[in-house]
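First comes one chain, alone, set out as structure tokens in the form predicted on its own.
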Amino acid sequence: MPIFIQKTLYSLSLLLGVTFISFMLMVYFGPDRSYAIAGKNPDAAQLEEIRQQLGYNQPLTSRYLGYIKDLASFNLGLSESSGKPVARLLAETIPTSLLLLLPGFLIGNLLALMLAMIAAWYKHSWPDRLLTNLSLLGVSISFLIIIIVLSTWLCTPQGLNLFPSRGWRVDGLSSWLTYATVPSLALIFVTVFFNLRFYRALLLDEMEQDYIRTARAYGAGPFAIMFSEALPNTLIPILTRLLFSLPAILVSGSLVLESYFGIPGIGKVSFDAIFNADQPVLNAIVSLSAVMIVVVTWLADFIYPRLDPRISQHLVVR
């Protein structure tokens, strides 16, 4: 069977398993909405009628298949707090979160990789020790503390008062820079120090290889060794780190940033749904996160052989 079909079937089976777990936790064993709909002092007949309308009396298989059908058709129901269709709510907020998070995420990882190259090249010398200690200090500081400090310093009259402290009124590059700068700086700070030690460890391991010693013996400089030799051979773990960080950054990272700065993205929607016990929105966000992880896994299986042909050969032999 071709590798493409194998990987697609595996991803589909993984998707079914992940959505089944989400369904069991969030829907099947989730809150019973019949009492909230029936109001005070409902009788048994009223409850039974409501349960039939909600599909609670259907078999597990039928309910799960209906759940999958709704996900596939983006029929995610209505938000209990706002009354809006959940699919439209997500469509309005996800682009905002991407505009807010992706630049800081990419810049932070790029800076972490550059600093890790410096640390790996000057192993056990003062630049390496300085960057390692800064990384330990950075990861020990709470994300919320970083946000508060930057916001106080850059967004209040007691500080520089250069940027708005809350809101999101973006209609172009200038307004985007105005509202996204401080949240992006906070995300860059966390991303750099969270990834610096990981990238340093990868590059240090590669620097111990024989071909690197040979290149150094022939007089190759740090730029040539890092970018032409070491970096290409560490792309797979780096890419894995990037791909599997995206779902977490999109939901958990945006939740803190958007809640603090009042930005109407997926994180703010998640926070409001948790606070208001908005079950349809929570179901959609949990399912979306699960689907994103499966899609990322599927993409990784096709990108890896392009970066290292030996992976493709191994799959064919197996």
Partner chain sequence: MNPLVSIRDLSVSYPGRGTASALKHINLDIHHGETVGLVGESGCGKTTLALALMGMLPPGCAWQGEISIAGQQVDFYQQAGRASARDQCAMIFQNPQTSLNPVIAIGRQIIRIIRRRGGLEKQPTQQRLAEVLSLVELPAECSKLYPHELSGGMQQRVLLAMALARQANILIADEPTTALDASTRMQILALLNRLQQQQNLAVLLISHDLSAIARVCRQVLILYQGRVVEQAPQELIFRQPRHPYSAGLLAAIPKIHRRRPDKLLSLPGDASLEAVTSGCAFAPRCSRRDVYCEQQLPPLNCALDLQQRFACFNPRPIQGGLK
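Just so you know, these numbers come straight off a predicted model, no measurement behind them. Numbering follows the first chain given and starts at 1.
The following text describes the form predicted together with the partner chain, which does not appear among the structures shown.
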property	result
Proximity to the partner chain in the model of the complex, single hit among Val170, Ala220, Ile118, Ile94 (heavy atom within 4.5 Å)	Ala220
Contact assignment for the partner chain in the model of the complex, among Ala224, Leu162, Ala72, Leu177, heavy atom within 4.5 Å	Ala224
Location of the partner chain contact in the model of the complex, chosen stretch of 231-239, 110-118, 180-188, 75-83 [non-hydrogen atom, 4.5 Å]	231-239
Distance check, Val295 to the partner chain in the model of the complex, heavy atom within 4.5 Å	no
Non-hydrogen atom contact Ile303 with the partner chain in the model of the complex at 4.5 angstroms	no
Interface membership of Arg213, the partner chain in the model of the complex, 4.5 Å heavy atom rule	yes
